[in-house]
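Next up: a single chain in structure tokens, the form predicted on its own.
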């Protein structure tokens, strides 16, 4: 009898794996590629775009969006969503404008702490009441918007003395806006804390499979609450940036940043199903979204089409980053 010959099916999976790696790497670089293409296209459309004045204005515009997206990215990485960040930032601008005369320089940390507390409360509601984060933050968005209207008297709250927040309007070396530098610092601090602590593996595990993460001993509930807390704190700091630039607080001042923030997260390559992505990707996504906002008027597209563009971007980006293995049934 002839000796049976064992087949080796390993060659095909290895080939598939080696083929998938370049595609995955290319996908990871897509935000940077899109950023370079946008800069080139805007430079062709308007040669004055690559000037210090234009780039400085774009970076100042991007700063609050970068901070908002960085905080909300943690919630998305955990498999959730925070729809209240813009409403919380608007409320924070009102609180900051009201508290500056009495608290002075302490108003900034107090507002950030208050926003972080509100974020944590939403996280606790999500975890303890077992309510989807979408519903919790959707309700939170409505409540926070109403509170902002009541507290502000449904009007703009002017800042008479903006000295405590005027430092955000300074420039490093005479060229780099302080607000942009602080936005980069926020992203770097979040990324560093995730890197040097077990938080990165905990957040990724929670996003990939919450049940498996619990079995592995990951403190899933605390991780989720912490993510909402950081998201709230970032919304509070984004509000400080907005007040320093607008010299006032308003109940709807940051409301138009919700869609751009979500778009920045998904354009950056963070999977909406959680577990995959990073705050650095969201930084690249925020720059892409900002250049789109700046570039539409340059190429002659009315600003009214912005919302259409953001909606299309979100749908396409989610389709590209969705992990089909985690969603067996699409509803």
Partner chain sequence: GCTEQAGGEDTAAGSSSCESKDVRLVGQVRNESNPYEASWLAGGDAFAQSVGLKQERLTYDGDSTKQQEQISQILAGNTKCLVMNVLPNGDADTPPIVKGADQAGAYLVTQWNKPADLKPADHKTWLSHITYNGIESGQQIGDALSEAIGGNGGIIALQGVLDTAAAKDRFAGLEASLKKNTGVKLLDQQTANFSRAEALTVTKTLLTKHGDNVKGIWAANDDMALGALEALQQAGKAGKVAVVGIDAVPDAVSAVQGGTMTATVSSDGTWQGGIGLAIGYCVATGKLKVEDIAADNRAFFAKQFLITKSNAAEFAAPKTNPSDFECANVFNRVAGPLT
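Numbering follows the first chain given and starts at 1. Note that the coordinates shown come from a computational prediction; the quantities given were computed from them, not determined experimentally.
Note that the form predicted in complex with its partner chain isn't included here; everything after this is about it.
The closest heavy atom approach of residue 43 to its partner chain in the model of the complex falls outside 4.5 Å.
The shortest heavy atom separation between residue 284 and its partner chain in the model of the complex exceeds 4.5 Å. At the 4.5 Å threshold, heavy atoms of residue 242 reach its partner chain in the model of the complex. Of the heavy atoms in residue 153, some are within 4.5 Å of its partner chain in the model of the complex. Taking a 4.5 Å heavy atom cutoff to its partner chain in the model of the complex, the contact residue among 184, 124, 149, 113 is 149. None of 103, 98, 170, 191 but one reaches within 4.5 angstroms of its partner chain in the model of the complex through a heavy atom, and that residue is 170. Within 4.5 angstroms of its partner chain in the model of the complex, the stretch 45 to 84 places a non-hydrogen atom from each of 49, 51, 52, 53, 54, 56, 57, 58, 60, 61, taken in sequence order. Annotation: residue 310/residue 40 CA-CA distance shorter in the model of the complex than in the displayed model, change of at least 3 Å.
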